[in-house]
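Only one chain is shown below, in structure tokens, and it's the form predicted alone.
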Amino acid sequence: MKVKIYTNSSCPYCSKAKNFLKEHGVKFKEINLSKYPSAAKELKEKTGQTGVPVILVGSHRIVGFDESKLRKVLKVK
């Protein structure tokens, strides 16, 4: 299952989400809007969101760091 996470450098919830994914051995592609501001347009077009983190897991979209949703979608305990 492909996982993509939109972040920015100053977002504490982005760090929490990335740490959660790493702790559970989930490979992910990070798109840091601080480093790639043009990706903000992509995020808005794909998800309608402007805030981060936004985590795309297959066809699922998780806005913010929602641990219970991540556990359910990724099937981790």
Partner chain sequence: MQFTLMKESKEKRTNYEAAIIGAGPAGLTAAIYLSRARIDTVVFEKLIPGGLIASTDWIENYPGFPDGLSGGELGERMKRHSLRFGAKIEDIEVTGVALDSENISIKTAEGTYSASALIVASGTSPVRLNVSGEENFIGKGISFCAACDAPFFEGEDIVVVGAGSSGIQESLYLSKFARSIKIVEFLSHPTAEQILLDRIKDNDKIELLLFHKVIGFIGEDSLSGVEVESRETGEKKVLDVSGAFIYVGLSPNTGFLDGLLDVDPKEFIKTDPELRTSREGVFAAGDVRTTSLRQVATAVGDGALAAHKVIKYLEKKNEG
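Positions refer to the first chain, counted from 1. This structure is a prediction, so every number in the text was calculated from the model and none was measured.
The protein also exists as the form predicted in complex with its partner chain; that form is not presented, and the subsequent description refers to it.
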Next on the checklist: Please determine whether Cys11 contacts its partner chain in the predicted bound form, using a 4.5 Å cut-off between heavy atoms.
Outcome noted: yes
Checklist entry - Does Lys27 make contact with its partner chain in the predicted bound form, using a 4.5 Å heavy atom cut-off? => result no
Next on the checklist: I'd like to check something about Lys18: if you look in the predicted bound form, is any of its heavy atoms closer than or equal to 4.5 Å to a heavy atom of its partner chain?
Outcome noted: no
Checklist entry - Does the 4.5 Å heavy atom contact test between Ile31 and its partner chain in the predicted bound form come out positive? => result no
Checklist entry - Should the three residues Ala40, Lys44 and Gln49 be counted as contacting its partner chain in the predicted bound form, with contact defined as a heavy atom within 4.5 Å for each? => result yes
